[in-house]
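In the structure tokens that follow, the same protein chain appears in two forms, which are kept apart as structure 1 and structure 2.
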Structure 1
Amino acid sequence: MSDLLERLRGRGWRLTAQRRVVAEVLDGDHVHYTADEVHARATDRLPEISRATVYNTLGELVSLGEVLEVSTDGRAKRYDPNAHHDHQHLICSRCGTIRDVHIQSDPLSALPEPERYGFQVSEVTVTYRGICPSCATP
């Protein structure tokens, strides 16, 4: 069983066939699908699942804090099931591919105290951008 399915069961979230299929689609390393991609993969497993059900389920998963909604440069939102694992993102500027990366140091330490302007920083999000190997190959 996937980490996401285990977390949802642990919460007592009612796993209908549709919700289960959406959670199964999101299972895996470096998964960052758009809602349409989730729907396309879900219909392979459960042909009668509607687009509205997929969108509603993704919205519930985000509200529960079990899936992260990742927005990048005006592209379609993507959904990341690694909500409980500290990580940042590496994004291809051409095709939009997203990979999870794990920073070895505390990203907050890179922000000197004077540059915090009295803020009590509660969250740091680092996004790396570049060109993926597929796009870099002519």
Structure 2
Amino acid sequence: MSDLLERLRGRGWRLTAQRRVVAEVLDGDHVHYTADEVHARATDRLPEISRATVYNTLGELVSLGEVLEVSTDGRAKRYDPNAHHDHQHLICSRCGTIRDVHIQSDPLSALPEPERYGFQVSEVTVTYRGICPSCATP
């Protein structure tokens, strides 16, 4: 994660306590917090950090390609720090848990030319849904 901060500094990012804390909160595997969850966790370390700054910082990280924005259900967006390894999401329909998963075929090649309607297709997201083990065995 510290290499992330170095990378961003190299791009002219001014390093502040608030940005450092947000980056720290997003460190780890299978992390998919909402902006409010990031704010709550950031507040534990830096009580005076504001909501606006969390939103700003998340937006910057997304623009810089360091974090992915995931819209799972029309509720709050989630932020995924695993931006440098192509992956998909598997979501529990009951509790909302999200896991990163990896598929075999390339979904882009599954869309035939005549089905592209002249679009310059550049991106594809695949999301699986089902019941997770914890929710399946009550």
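If you superpose the two forms and keep the largest set of C-alpha atoms that fall within 1.5 Å, you have the rigid core. Here the structure is a predicted model, which means the values were calculated and not measured. One-based numbering along structure 1's sequence throughout.
Here the chain appears twice, and structure 2 is the form predicted in complex with another copy of the chain. Comparing the forms between the two structures, the C-alpha position of A40 differs by less than 2 angstroms, with the core used for superposition. For G59, a C-alpha deviation below 2 angstroms is recorded between the two structures after rigid-core alignment. Once you line up the core between the two structures, the Cα of D106 ends up 2 Å or more from where it was. In this core superposition, W13 moves its Cα by 2.8 Å between the two structures.
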